[in-house]
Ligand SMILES: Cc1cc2nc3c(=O)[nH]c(=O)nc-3n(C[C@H](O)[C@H](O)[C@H](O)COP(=O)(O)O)c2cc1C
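Just one chain follows, in the form predicted on its own, and it is written as C-alpha cells.
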C-alpha cells in the first residue's frame, strides 16, 4: 500500500482542498492518505542562531522531528498552499528549512518522492506552483507536470480535478 501525505499550508481553503483530494484518492486501491495542516504544528521560526542553539543542546523540537519522519515514511506528497505575494508561502519555506537541517541528508524528506503541487488562492496560484516546483526539484522530488489550482474567482472544474488526480494515481504506480 502506498502512503500519501497531504500537506496543507493553511487551515482554510487549502485544508478544504486537501480534504477533497483525500476523499477522491481514498477511493483508489492500495492508497492510504493522511492530511496535516502546517499551522497546527506551530513550528518555531527557522533562524541560524536558533538552529545552532538546538543542535548544541541536541534537542530538536518534536514537531520538527515528527514532520520529517512523516515526510521520510511517505511514498508521495501532495502540497496545498496559497500563493503569497507571488510566491511560496512562508510556513512551507519555514518547514522545509527545518526539515532540511535535521540529520545528515538534507534532501531525505523530499528526494525521490512523487509529488503533486496544488493551490487554493485568491490569485491565480501559478507563481507559487512555478517557484515551488523549482525548489522541490532541487530537493530531488519527482513532480507531476500538471497541478491543481483553485481560485476564489473560478473555483476548479470537476473534470480537471478528476483528471489531475487520476494522472497522479497513475504517476504513483509508475
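These numbers come from a predicted model, not from an experiment. Residue numbers count along the first chain shown, from 1.
One more form of this protein, predicted together with the ligand, exists but is not displayed; see below.
This chain appears without its partner; in the model of the complex, the one residue of 122, 61, 131, 140 with a heavy atom within 4.5 Å of the ligand is 122.
Taking the partner from the other structure, the ligand in the model of the complex has a heavy atom within 4.5 Å of a heavy atom of residue 86. By the criterion of a heavy atom within 4.5 Å, residue 18 is excluded from the residues contacting the ligand in the model of the complex.
Proximity of residue 152 to the ligand in the model of the complex: non-hydrogen atoms within 4.5 Å are present. Only one segment in the set 140-148, 44-52, 114-122, 23-31 has residues whose heavy atoms sit within 4.5 Å of the ligand in the model of the complex; it is 114-122. Residues 10, 12, 13, 14 of 1-33 are found to place at least one heavy atom within 4.5 Å of the ligand in the model of the complex.
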